[in-house]
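Given as structure tokens, the chain that follows is alone and in the form predicted on its own.
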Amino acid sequence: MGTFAVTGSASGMGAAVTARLIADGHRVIGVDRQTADVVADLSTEAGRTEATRAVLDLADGHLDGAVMAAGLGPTPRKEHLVATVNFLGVRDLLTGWRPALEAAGGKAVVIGSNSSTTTPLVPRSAVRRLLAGDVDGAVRVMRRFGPAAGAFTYAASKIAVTRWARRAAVTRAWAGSGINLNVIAPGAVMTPMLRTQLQGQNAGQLRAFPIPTRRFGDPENIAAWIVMMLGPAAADMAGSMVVVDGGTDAHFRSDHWPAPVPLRSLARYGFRFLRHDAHVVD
């Protein structure tokens, strides 16, 4: 049986994953602000450093897997907190745990969001700043949008963490070292965070948002996907983003996948192309 680290282990999807892993006979090192093996505030650099160190100590430098479930929703006037936890709380901990994952040939799953593909007009400059680690700069950009700042911050943090994970996943340090790093992108899942939002002023918008299956997600179902992505079936997954959102992404973006690979990406491997667009026959 393996040893797994789970952030956000005290509630929601993190708690569901933790329960499932324990039921399967694994050891779980939970990380949360309370009621966890490692109590830490991931919104602070000191908290992230302590969480990284404490998990490595408890795991004895050997992690079979990590699940990055800690995160905050689109909370008004909490943009800095949301961006920090959702992005740095993933990037910094996974970077620190990478040697322990390599030692075990482990797997890591980042909980993203379908907000990364279904939220329009998210400022690209904010995403770029987050990827550069400039949370202050990203928040300054987002706050220009007034009441929409919370939603943009949440979406930008999920776009940034997904891009970071996909970029890192295919590098020598990750896939090349035997670590499978992937992202799951749920839609609205019936967690304590969603229940709180459904009692707020935007409840009508949440209920009206199109979900073709006509129901919110279930934490236990998402946990089942995550456990699969931590197991042997995911041995050939690297940088994948699995969308589990009741069809919302497909509803809005049915023709956006598959997207063509940029020609400049292939050119570096010796492929040559005509300068004009090729004709494609259906």
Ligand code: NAD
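Counting begins at 1, following the sequence as shown. Computed from a prediction, not measured in an experiment: that's the story for all the values here.
Keep in mind that the form predicted together with the ligand is not shown, yet the notes after this line are about it.
Segments offered: 230 to 238, 246 to 254, 39 to 47, 55 to 63. Contacting the ligand in the predicted bound form at heavy atom distances within 4.5 Å is 39 to 47. Using a 4.5 angstroms limit between non-hydrogen atoms, A126 is distant from the ligand in the predicted bound form.
V67 falls outside the set of residues with a heavy atom inside 4.5 Å of the ligand in the predicted bound form. Among residues of the shown chain, I159 is not one whose heavy atoms approach the ligand to within 4.5 Å in the predicted bound form.
For G105, no non-hydrogen atom is located within 4.5 Å of the ligand in the predicted bound form, even though that partner is not displayed. Between the ligand and the residues G176, P192, G146, P210, the one pair within 4.5 Å by heavy atoms in the predicted bound form involves P192.
In terms of contact with the ligand in the predicted bound form, the residue from V85, A168, V135, A151 that brings a heavy atom within 4.5 Å is V85. If you take 24 to 41 and check each residue for a heavy atom within 4.5 Å of the ligand in the predicted bound form, you get D32, R33, Q34, A40, D41, in sequence order.
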